Ligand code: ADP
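Consider the single chain below, provided in structure tokens and representing the form predicted on its own.
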């Protein structure tokens, strides 16, 4: 799933992003200069990926692109032969999966249990009945078909053991609400191993920063105002370093019919879009894996239950924006989040 846009407020320097397909932006260096800025824009995981890192490693970003291609081939449900494709077409047979897929599924089951099913990757049969592409906006799925699909949803049906993973025939998974966070973390780890100490990654709204800016200052992440999405207005800014900020919201992928907003965050019990007071939720965590999973989970819970849930998790914070424009945040962000 794509995410509501979260972008960096680069107050003391600008990101030099190349055109789609990759490339680098460099500047002259001297013996005393820090590593140069290298930037790339590409399209992976059904979203735009931007990366701006400080490194003298001229092959780093091309190697990162190859890693992204590998993860897409491994985890996409639409790529024939991927782990997800194989599981969804196994007709009840147990399938061997990669360590990466197993790790993602283990995290998914952990949060499914914690959230009492508010997060559930087996919602795939319902997801498949919705089309939020531009040419299909305004078309609602058949109610009976959606109800039948919702009956097949249930995270408890995922059976993992040392022999592999088994889904009952008719049960399918969609890792769109969790895999992108996992991949963002792994790409950041890859960069760190190659010597990167400062960088900014945005995987379709999954923002992760490596270290601080080269001058030692925090990265300032702007949280988008849902009502001002087209103008990229913000509700506030948050200074971060070595952290991830991931947002889920109702307006980037969705449409309105008869005054009702239909969007891509689905109620796992019914298959219909979640209808509550929220327009967006931003999760701040030490890693994008947790932040990505929680942004969807907490959105489905609503403000009151979601706030209580996050307050019970160590090292995780959240910012909530309601459809009426009210902004609240968890206690750990007091004095840190600066509302516009």
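Residue numbers count along the first chain shown, from 1. None of these values were measured; they are calculated from a predicted model. Here, rigid core means the biggest group of C-alpha atoms that superpose within 1.5 Å across both forms.
There is also a form predicted in complex with this ligand; it is not shown, and the following applies to it.
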query: Exercise: residue 152 in contact with this ligand in the predicted complex, heavy atom 4.5 Å; finding: no
query: Residue 185: touches this ligand in the predicted complex, heavy atom cutoff 4.5 angstroms; finding: no
query: Contact flag, residue 119 vs this ligand in the predicted complex, heavy atom cut 4.5 Å; finding: yes
query: Contact of residue 176 with this ligand in the predicted complex (heavy atom, 4.5 Å); finding: yes
query: Which of 68-76, 84-92, 260-268, 216-224 sits within 4.5 Å of this ligand in the predicted complex, heavy atom basis; finding: 260-268
query: Heavy atom within 4.5 Å of this ligand in the predicted complex - residue from 204, 236, 125, 141; finding: 204
query: Those residues of 312-326 which, in the predicted complex, come within 4.5 Å of this ligand by heavy atom; finding: none
query: Did residue 133 shift 2 Å or more between the shown form and the other one, C-alpha, core superposed; finding: yes
